[in-house]
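The data below hold one chain only, encoded as structure tokens and taken in the form predicted alone.
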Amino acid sequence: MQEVDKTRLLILYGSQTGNAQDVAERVAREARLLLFAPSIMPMDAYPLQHLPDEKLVVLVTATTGQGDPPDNMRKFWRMLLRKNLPGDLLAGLQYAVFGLGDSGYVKYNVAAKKLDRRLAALGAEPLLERGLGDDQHPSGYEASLDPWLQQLWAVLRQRCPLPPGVQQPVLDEAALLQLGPPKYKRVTAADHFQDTRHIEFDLQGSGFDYQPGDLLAVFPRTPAADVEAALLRLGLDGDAWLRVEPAEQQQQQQQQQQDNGTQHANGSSSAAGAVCEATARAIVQGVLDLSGCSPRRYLFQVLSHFVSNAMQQKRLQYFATAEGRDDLYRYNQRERRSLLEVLQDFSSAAPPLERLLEAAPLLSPRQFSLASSPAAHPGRAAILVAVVAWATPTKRLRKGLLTSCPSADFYYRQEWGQLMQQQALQQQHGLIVAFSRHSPQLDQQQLLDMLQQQQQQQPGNAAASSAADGAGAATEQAAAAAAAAAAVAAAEVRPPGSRVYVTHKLREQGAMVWQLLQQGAWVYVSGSAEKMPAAVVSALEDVAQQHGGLTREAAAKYIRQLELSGRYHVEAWS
């Protein structure tokens, strides 16, 4: 192929759970196939002062919490929001934004929407309309991503044509199934429905300090039996020492050595970089998520290149295409198939470890809100941990990774909960709390501990009643805490089989709910993202019409204003 002066394409991502990073890496792989020169990194890792010099940028971001940007995007976002930035700062930049969100949340994909508007306000030109992936879609965010990428490549090639004589690569399924250079290269030898537990920590002498709503991150340890099974399946000697470093870095150093006519005697790199030296067992146990998260589509593409059975290869290739997306969902995500199970199902696949490090899910911390108040329980911190065990649609029994692992490493991390604590404890006009029966005990306990903190700080400020029906211990505790902490909980934990929902309670107690809203109450909603958030909004709009005398349009605007002013919070999940 004729040597081409490739157009640089910067790809930046903000990712909380890894999905946005996975999308960004897919953009980079396809860009490389189409003869662009992609450069990919988290937004916070990019030196923002160089952004005005870029020509083409693709930005991928998820939305977290109450419409917040991901952790590795926050510094980038704060700098973009500086008021002293000129309106034509990014006049020479062309960009595209893709967002990942969940339409069950009120602030659906708000991080991507805000990023798109801010870039345009600074003079940048959008290449195409922003793409918005929705986890509520049966095929997830990829249902929007696939057609959006097709439009992106068409626009980019129109604006950046190849030189005469260079044929445009075809981005068909055969091309997408090809593997580019590895991302990493190994350079050494080859009765209540939920059981919830209370765990308490003694912080005396630790130096740790926290506020209600802060997080404790737990690094799980993959069960030893799964680690040994994976080592056997991959043909690895668990005691062998391995050295892993980014392949791109190694290739650059080798090229520099050739240009300089020098080479290290042992062929290894001496330059500083992201290098890992550990035993194979330590890497498999501490890096790969063998037993927790389900793999993404790219893993099946990678496995298809290292499989000896023709039928298995055909199936893997099918899973890696857009045509096989729905069948992959039924096999993989819906069944919560683990990496180890996939490797066992496709028994003839023999991927090298460096390819798994590139394509497999990596072990990440599990975050828990601290369920205690330092004012009420000085020197102690507690979390509530649910024992996660369930049956998949095909009756396969599953357990959460933390439920399965015998031990875990704990570290403290101050997070978004700090904002909740500051806001919730400053208000003095009550709370309206909507819990579904599927709300985690963690969310309920977190609220109670914020109320305990307020009681300690404002012991003389008490009063009000509860709209709870008393159908659960957590609700009764909420009623008692609310009466002592100037908060009213319109809450309900309905028993199994009940047809009475929290929205019924909100309408029944509509007069009190409206009075509280008029006094400045805050609303907290916790439950399933499928229907509950929208149903609660509808119930509150009915309350505003019936007891506030508002029209339907005015009622909708009123509830929207609660959200915009920070008085309406949703914690929901799919």
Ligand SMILES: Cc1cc2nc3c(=O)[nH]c(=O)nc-3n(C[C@H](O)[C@H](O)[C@H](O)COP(=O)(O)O)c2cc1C
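This one's a predicted model, so the numbers in the text were calculated from it and none came from an experiment. Don't overthink the numbering: it's just position in the shown sequence, from 1.
Heads up, the form predicted together with the named molecule isn't pictured, but that's what we're talking about next.
- With the site C-alphas superposed, the named molecule from its pose in the predicted bound form keeps every atom more than 2.4 Å from the backbone and C-beta atoms of the shown form; the site is open.
- Heavy atoms within 4.5 Å of the named molecule in the predicted bound form are found in exactly one of 517-525, 36-44, 533-541, 60-68, that being 60-68.
- Put simply, of 501, 346, 76, 105 only one has a heavy atom within 4.5 Å of the named molecule in the predicted bound form, and it is 105.
- Comment: the named molecule is not present in this chain, but in the predicted bound form one of 135, 341, 289, 226 has a heavy atom within 4.5 Å of it, namely 135.
- For the candidate spot formed by 27, 146 and 332, no residue has a non-hydrogen atom within 4.5 angstroms of the named molecule in the predicted bound form.
- Using a 4.5 angstroms limit between non-hydrogen atoms, residue 20 touches the named molecule in the predicted bound form.
- Proximity of residue 237 to the named molecule in the predicted bound form: non-hydrogen atoms within 4.5 Å are absent; the residue sits far from the partner.
- Residue contact check for residue 101: one or more of its heavy atoms lie within 4.5 Å of the named molecule in the predicted bound form.
- When contacts are judged by a 4.5 Å heavy atom cut-off, residue 109 counts as touching the named molecule in the predicted bound form.
- Along 505-524, no residue reaches a heavy atom to within 4.5 Å of the named molecule in the predicted bound form.
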